[in-house]
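Single chain ahead, by itself, as structure tokens, in the form predicted alone.
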């Protein structure tokens, strides 16, 4: 920050003088700072917001009227966004001021409590994935996947430039991945699904010396549990490609450990714990082998000892651009989801190992039960594949958009995938309405 005073010499927050600004603009060949930005006229600020002044009571009344126009639907929606019951203790404890108002834990001498909580979050992910290293969160599952792909490009053990992902990858994940690898030497290619899980033969044909990264999900975006993870991991290993598995902490409590099938990295959406489905904000999990420790993006909390030999926690191995030379940085991610990770850790601790497994078993059992009830209806096929499912499954009908509209009129929201396919997600928060959903299907498809 400059020591210049405000006014003609510049603000302490924007310290350039008028002469310095003019010199920089001249060097760039432009007349005005506005020339450096390409803002369409229709969204450019013209100096007035056009919002009439109103008092607080009026604003509250207007907002109530606006919110009342929202559809009151019971959501059977998933595809990466999941709601499980969040215990009241999570809301109560995470709202304590020392957590809620905390900034980044750069000063360990005054943030030991929060650092320990984040260390516990990392430890939970280590147990669930079987991998020895987990960071204290990414923005969401999409950025975690993209960072994993970039990690493969930094490794000396991989020589390829192709990132191989399933064609069924959710649009948000694919878009984020494409954005992250743009400007690198990586290219993204896809492999097909058969029965809503990986086509192993297609992967075998696609993987080669030019492959740097192979990604597989379990459960997949349609809820199918991937049965061929170990075989996919072997194919990646044969060509020295990084093998990455996508999942979430609830599923990982029941499914096979990714480490046991050769995963080098595990990514996913940890916000399945501690958060309701927000369809936006997430909590990206990222775990990896110790071999890749110094390539991990984001933040790591480590355990050490202080001058009095007491256990102490601190941020360690900080490799962001703002901490080390740019060319040696592993990532430009500037923060993490510390408070959200705290909530996930609280939720997991509240459930305990047995409670987490019970929740996961319900996700399998309830999905199978609802699918069977729907499949018993005339004109409905559920699921559309011969797989085990976690939370969600696809449903075949003659007119999917029409059926979805009819269900919405009866108070239920489901995904429409194409003209003949719907998708239904069942969790502990909507399972009590499952019988009513089946009855609504029967009415609409009759």
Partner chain sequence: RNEPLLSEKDSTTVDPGAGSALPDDLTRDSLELPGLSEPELARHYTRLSQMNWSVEAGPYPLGSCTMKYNPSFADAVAADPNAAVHPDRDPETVQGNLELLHGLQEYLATIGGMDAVTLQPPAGAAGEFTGIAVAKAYHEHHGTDKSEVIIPASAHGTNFATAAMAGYDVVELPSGEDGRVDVAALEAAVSEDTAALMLTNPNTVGLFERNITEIAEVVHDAGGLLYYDGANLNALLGRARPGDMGFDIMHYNVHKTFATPHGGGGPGAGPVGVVEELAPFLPRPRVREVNAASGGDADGADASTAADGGALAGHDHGTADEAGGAAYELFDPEQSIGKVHGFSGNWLVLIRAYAYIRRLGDEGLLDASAKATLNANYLASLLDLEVPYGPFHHEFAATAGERDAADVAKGMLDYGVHPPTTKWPEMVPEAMLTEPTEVENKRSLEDLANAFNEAFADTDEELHAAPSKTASRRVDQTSAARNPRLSWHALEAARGASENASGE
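All values reported here derive from a predicted model rather than from experimental measurement. Rigid core (definition): largest C-alpha set, two forms, superposition within 1.5 Å. Residue numbers count along the first chain shown, from 1.
We do not show the form predicted together with the partner chain, though everything after this point is about it.
Which of 205, 92, 167, 209 has a heavy atom within 4.5 Å of the partner chain in the predicted complex?
By the 4.5 Å criterion, the partner-contacting residue is 92.
Candidate stretches 239 to 247, 159 to 167, 190 to 198, 106 to 114 - the one whose heavy atoms come within 4.5 Å of the partner chain in the predicted complex:
Within 4.5 Å of the partner lies stretch 106 to 114.
Please run the contact check for residue 220 against the partner chain in the predicted complex: heavy atoms, 4.5 angstroms, yes or no?
Residue 220: no, not in contact with the partner chain in the predicted complex.
4.5 angstroms heavy atom contact with the partner chain in the predicted complex for residue 386:
Heavy-atom contact with the partner chain at 4.5 Å: absent for residue 386.
Although the partner chain is absent from this view, report whether residue 435 comes within 4.5 Å of it in the predicted complex, heavy atoms only.
Contact with the partner chain, no.
Indicate whether residue 374 is a 4.5 Å heavy atom neighbour of the partner chain in the predicted complex.
No, residue 374 stays farther than 4.5 Å from the partner chain in the predicted complex.
Does the trio 289, 401 and 440 actually contact the partner chain in the predicted complex, every residue with a heavy atom within 4.5 Å?
Result no, not one residue of the spot touches the partner chain.
What residues in 147 to 171 sit within 4.5 Å of the partner chain in the predicted complex, counting heavy atoms only?
Result: 147, 150, 170, 171.
Once both forms sit on the same rigid core, is the C-alpha displacement of residue 432 at or above 2 Å between this form and the one not shown?
It does not, since the residue 432 C-alpha is displaced less than 2 Å between this form and the one not shown after the core fit.
Does residue 62 move its CA by 2 angstroms or more between this form and the one not shown when the core is aligned?
Residue 62: C-alpha displaced by 2 Å or more between this form and the one not shown.
Pin down for me whether the residue 101-residue 56 Cα distance shrinks or grows in the predicted complex relative to this form (closer or farther, change of 3 Å or more).
Closer is correct, given that in the predicted complex the C-alpha spacing of residue 101 to residue 56 is reduced by at least 3 Å.
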